[in-house]
Structure formats: structure tokens, C-alpha cells
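Below, in C-alpha cells: the form predicted on its own, a single chain.
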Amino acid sequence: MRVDTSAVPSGRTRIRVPRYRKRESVKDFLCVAPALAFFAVFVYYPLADLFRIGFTNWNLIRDSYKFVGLKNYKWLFHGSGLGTWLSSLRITFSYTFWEIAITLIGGMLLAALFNRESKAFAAMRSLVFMPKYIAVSTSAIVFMWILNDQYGFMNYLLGLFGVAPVSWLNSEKTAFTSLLILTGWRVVGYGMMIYLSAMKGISKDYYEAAQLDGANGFQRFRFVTLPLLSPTTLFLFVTTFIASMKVFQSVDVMTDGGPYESTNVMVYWIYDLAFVQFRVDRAAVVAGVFFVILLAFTAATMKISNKNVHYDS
């Protein structure tokens, strides 16, 4: 690298970058340009257009629209949409809380239970993990039969213990629980496998040192396993949070957001606004605000958790 001191004030030097490095930088940019173009066309432009539509009064029935400013935002935050917005947000966060709890707590406990090297435990791990690879729509249809109030398998089992049949999907009190039953069946195995792979990577030296210090099994789990699993916990928390906030298929197949909007999660409400009520403008506003909420919560989670995550050197 050459240093050119001509036409430079005294005491300063100007570093001239070799031409081959400039060519390499151009080549690097050309390599990532297709990916940038893809994201610009299929991600960033639709996202920007989403916010633009929110300032219109686009109704698919009329198939015409004009700019109306903040009218749709007033409908959402100060009009008739506020009640449904708050209710849907509460239901979505409640669903997210329970899915995260099932994934993290259930997955960790099952990982500790199935952390054995034998063919029998390997077969059981496969059975628990298998539901993750079954399509949500297929699983939802199967569970609609299991939870049917007249001839469902769940009510048949309850009848063996003298319990009256439960209207799982048609009752406001049990419809949300029915969704969680399906969700728990699908996600707990995934959490188990992620935690299990992380546990396999923990050095046995830590456990031997803790055992020499007199730590029992619970103490080794509390002070060795849990801290070293914190990066895995952060990964599962963030990915599960984003996925559960966008739940749609199980609600669409099993409950249609009912009964009495007891399972009207945010994404299903956006779908209902756009393709049932044909109010694309209102759907765009709700989707845009929902995107900002997801972005803010994810960023806050990453910033806060970085102080509490322990990485094994």
C-alpha cells in the first residue's frame, strides 16, 4: 500500500488504496447484488407499499381507492377497530406466551429425560419430534376429529372416567385451549431436539468439577446446564416468539377465529379484513402496526438478553 503525501496539509498523510482492492470490492458487491435485488423487489418494496396502502380507502368490492391520510389509523386507535385490535393483540400474546412456555420448559425437561444413549430412547425421541414435520393443516384436521364433541377420541377417553363430553371447538372457554393442545403436540419435540443437541455439546469437565465440589444432580443442572444453555434458550425464544405471533393455519382450519372471536389472533384478523370484509386499507394498517410491534419486541429481546447469555469459550 502506497502513501501519497502530495497536496496534503502538513502533518497529515493520505493512504491510496491499490486498484486491485477496489476491483475486489466491486466484485464482492456484484456477488451480493442479486440477493439485494431480490430483497428489494420481494421484501422491501411490498413492505413500503403496505404502508402506502394504509393511507388509502381501498375496498376490493369497489376496486378503486384514493388517499385519505390518517383515517384508517384513527379507525384503529380511536374508532370501532380499537376494541377488536386490543382483543386480538391480547389473544395473540397469550397464545405466544403459552407456546414459548411449552417449547422452552417442555423441551428442556424432555431433553433432560431423553438424554440417554440407547435405541429405545432414540426411537422415543423420533416419535416426539415427528409431529414437527407434519403439515399444520393436516394436523389441524386430525385434531378436529380428536376434539369433536360427539364422536371425538378425547371425549371418549373422558367418558371412561365418567366426565361429561366437552364441546372443545364450539365453546368460548375451551376453543383457545384446543389450539394450545395442537400447538404443544407439534412444538415440544422441536424444543427437545434443539436442547438435546446443545446438551450434547457441553463438556463433561464442568459436571465432573461440580461433582467434586459436592454438587448434587439438581445443582449441576441449575448452575452448569442452565447457564450453558442460555444461547440455545435465546435462539428458541426469539424464533418461537416470531413464529407464534404469526399463527394462522391452525386457527383458520379449526376455529375460524371463533367462537365469539375467542381465537381471533392478529394474522387471522388481517386475513379477515382483507379477504372477507374486502377492506385492504384497514388490513394494511393492522399489518403495518403489527410489523412494527414484532420488530420492536425482537430488538428489545436481543438487547436485554445479550447481557444474560453465557457463551462457553
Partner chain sequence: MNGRRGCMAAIALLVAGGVFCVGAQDAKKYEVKSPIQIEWWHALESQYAPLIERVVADFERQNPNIDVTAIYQGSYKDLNEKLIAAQAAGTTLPAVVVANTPYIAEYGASGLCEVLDPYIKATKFDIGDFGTGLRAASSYDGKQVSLPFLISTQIMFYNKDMADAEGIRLPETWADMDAFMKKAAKSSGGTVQRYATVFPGWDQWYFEPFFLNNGVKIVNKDGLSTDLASPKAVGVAKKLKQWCDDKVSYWAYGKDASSVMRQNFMEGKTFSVIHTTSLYNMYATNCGFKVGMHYLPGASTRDSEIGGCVLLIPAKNKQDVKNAGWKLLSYLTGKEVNMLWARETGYMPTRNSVTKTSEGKAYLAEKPAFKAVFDNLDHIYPRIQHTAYSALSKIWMQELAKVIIEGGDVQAAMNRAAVLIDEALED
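Positions refer to the first chain, counted from 1. Owing to the predicted nature of the structure, the values given are computational and were not obtained by experimental measurement.
The form predicted in complex with its partner chain exists for this protein as well; it is not shown, and the discussion that follows is about that form.
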{"item": "Of 42, 29, 67, 260, the one that lies within 4.5 Å of its partner chain in the predicted complex (heavy atoms)", "value": "260"}
{"item": "Residue (of 80, 87, 126, 239) lying close to its partner chain in the predicted complex, criterion heavy atoms within 4.5 Å", "value": "80"}
{"item": "4.5 Å heavy atom contact with its partner chain in the predicted complex for all of 73, 177 and 284", "value": "no"}
{"item": "Proximity of residue 171 to its partner chain in the predicted complex, heavy atoms at 4.5 Å", "value": "yes"}
{"item": "Its partner chain contact at residue 133 in the predicted complex, heavy atom, 4.5 Å", "value": "no"}
{"item": "Partner proximity in the predicted complex: residue 244 to its partner chain, non-hydrogen atom cutoff 4.5 Å", "value": "no"}
{"item": "Non-hydrogen atom contact residue 275 with its partner chain in the predicted complex at 4.5 angstroms", "value": "yes"}
{"item": "One stretch from 186-194, 100-108, 145-153, 216-224 that, in the predicted complex, holds residues within 4.5 Å of its partner chain by heavy atom", "value": "145-153"}
{"item": "Residues within stretch 53-72 having a non-hydrogen atom within 4.5 Å of its partner chain in the predicted complex", "value": "58, 59, 60, 61, 62, 63"}
{"item": "Closer or farther in the predicted complex, the Cα atoms of residue 63 and residue 83, when the shift from this form is 3 Å or more", "value": "farther"}
